[in-house]
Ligand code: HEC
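We begin with a single chain expressed as structure tokens, specifically the form predicted on its own.
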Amino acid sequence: MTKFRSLVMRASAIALFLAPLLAVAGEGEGMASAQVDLTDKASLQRGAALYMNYCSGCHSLTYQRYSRMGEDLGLSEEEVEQNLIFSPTAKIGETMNTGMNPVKAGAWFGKAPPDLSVEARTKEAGADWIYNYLKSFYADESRPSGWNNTVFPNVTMPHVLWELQGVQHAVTEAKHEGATCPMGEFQGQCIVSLQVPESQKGTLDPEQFDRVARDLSAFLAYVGEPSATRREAIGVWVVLFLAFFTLLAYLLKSEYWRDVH
């Protein structure tokens, strides 16, 4: 009975430990993977350039410095200053703030655009959410900006990448009574897909725009935790140390209790 109770207690402890991990694993269910690789510096560099060109005018990264970004992405100070700092007053050692006035931004968009420093960490699906969000804008004349989004319905942000992707339109079908619309509704009908008409194509083909979305998602995932790759590298050595220490502790215990019975 004692052994059975011990096994039950161990199983319960393991279940309590795994429960949060299983919950996290299901958060991004139904979303396409951004396939983020934080060791791919070329992707992060492209993502940084895209962010500075298309996002930094409205969104700040107040927890990230230009100098730290350059160091982590393998860029020199000159490369950062010449290619990634657009503000004439910003310095290499400063944080990546936007020049947009928050009061005016609130008047234009309804509220000031949020800081994106930890956006990839605050969303349940992380970088996957950002990746799917960037690809899910569609034209909607009923919205103030002229755009809507299936991942974030009724978002106030316009589709800043429309020239690259083209103008997506919602393809709909009749909504049946009692049925749900996984992608949302448009004009009382269920959205079944998003398509770009031939006459409204962007400067990039779908595969190229997909890489744009992946690179931007990867960059924001990096900004959310700049030390992630270093932490993971150190973690390997920590695990090896713990394994070695466990072996030493076991040998010490065996030696100490060998003559005690």
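Since the structure is predicted, the reported quantities are computational estimates derived from the model, not experimental observations. Throughout, we count residues from 1 along the sequence that is shown.
The same protein has a further form, the form predicted together with the ligand, not shown here; the description that follows concerns it.
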{"property": "Contact test in the predicted bound form: Tyr133 vs the ligand, heavy atoms, 4.5 Å", "result": "yes"}
{"property": "Close approach of Trp129 to the ligand in the predicted bound form, 4.5 Å, heavy atom", "result": "yes"}
{"property": "Contact flag, Arg121 vs the ligand in the predicted bound form, heavy atom cut 4.5 Å", "result": "no"}
{"property": "The ligand contact at Gly184 in the predicted bound form, heavy atom, 4.5 Å", "result": "no"}
{"property": "Proximity to the ligand in the predicted bound form, single hit among Cys55, Leu204, Met31, Val196 (heavy atom within 4.5 Å)", "result": "Cys55"}
{"property": "One residue of Gly188, Gly93, Pro114, Gly74 in contact with the ligand, assessed in the predicted bound form (non-hydrogen atom, 4.5 angstroms)", "result": "Pro114"}
{"property": "Residues within stretch 136-153 having a non-hydrogen atom within 4.5 Å of the ligand in the predicted bound form", "result": "Phe152"}
